[in-house]
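As structure tokens, one chain now follows by itself in the form predicted on its own.
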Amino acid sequence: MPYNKILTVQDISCFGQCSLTVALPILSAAGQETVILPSAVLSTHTAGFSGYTFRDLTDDIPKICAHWQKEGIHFDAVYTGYLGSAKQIGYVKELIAKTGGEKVVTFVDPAMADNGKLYPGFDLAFVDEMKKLAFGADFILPNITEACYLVRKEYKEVYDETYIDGLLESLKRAGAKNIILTGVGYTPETTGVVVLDENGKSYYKHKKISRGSHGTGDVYASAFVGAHMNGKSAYQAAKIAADYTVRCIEGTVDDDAHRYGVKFEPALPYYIDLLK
């Protein structure tokens, strides 16, 4: 397996199995050296919890970048997840320019919306800044809602392949290089991922599990990055990430006390086998 130095930039939710507490172990299990840059530290994630603590680390990002430059540290890949403000996005763009290696591969999960709505605290000004990051990346991994916001398209809960094709075409025209569109299901009992890259469009369909779980998008994106940086094609990486995420949900669905995330750790051996 290739051994790469991957930087991931997103928040740390100390409890809740999402963001960096998911990305670090999954990328490490993929055999990749994983460097983290936390954008904020929270006591828990924000879904289903109240009174959580929040420490904004925006002002630390350029200082960390400057130190890395001084030490001559560069990365083979940069993977971004949840970023808390437009200012952070600007800093991350500078970070990639200054610490990305000669052939740096960039992955952007524009974690900002779902179910037709932006997450609390985000507005269209944030979306406009995210466009600059997403459309400059090698790979973007939006869900349908995020894709609609990126290209100002109407969000539909019920859609067909023609609607998805139009969304993909709009993303390409806007500058997207390789698109991994998640959560695409044409029947009530299935969902899947659409990949649009240099090889054209492909679709991987799998069963849909009715119970939703927080952090599955982070699990999927991290598993995709790990697989692709191990030499898998975009479609192969998308399939591996989907199969692994489904396994994680299946291992959690019967535990009503574990609704804050998914038990991704016991499924890591399965992920490693998929990479082989």
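Don't overthink the numbering: it's just position in the shown sequence, from 1. The structure presented is a predicted model; accordingly, all values stated were derived computationally and were not measured.
If you look for the form predicted together with a small molecule, you will not find it shown, but the lines that follow are about it.
Of the candidate stretches 247 to 255, 229 to 237, 62 to 70, 212 to 220, only 212 to 220 has residues with heavy atoms within 4.5 Å of the small molecule in the predicted complex. Using a 4.5 angstroms threshold between heavy atoms, T58 stays clear of the small molecule in the predicted complex.
Residue contact check for Y149: none of its heavy atoms lie within 4.5 Å of the small molecule in the predicted complex. Interface residue remark: A30 is not counted as part of the site for the small molecule in the predicted complex, having no heavy atom within 4.5 Å.
In the predicted complex, no heavy atom of T21 sits within 4.5 Å of the small molecule.
Proximity to the small molecule in the predicted complex, defined as a heavy atom within 4.5 Å, singles out one entry of Y155, Y119, Y203, Y159, which is Y119. The listed set F107, F75, Y82, F126 contains one residue whose heavy atoms approach the small molecule in the predicted complex to within 4.5 Å, identified as Y82.
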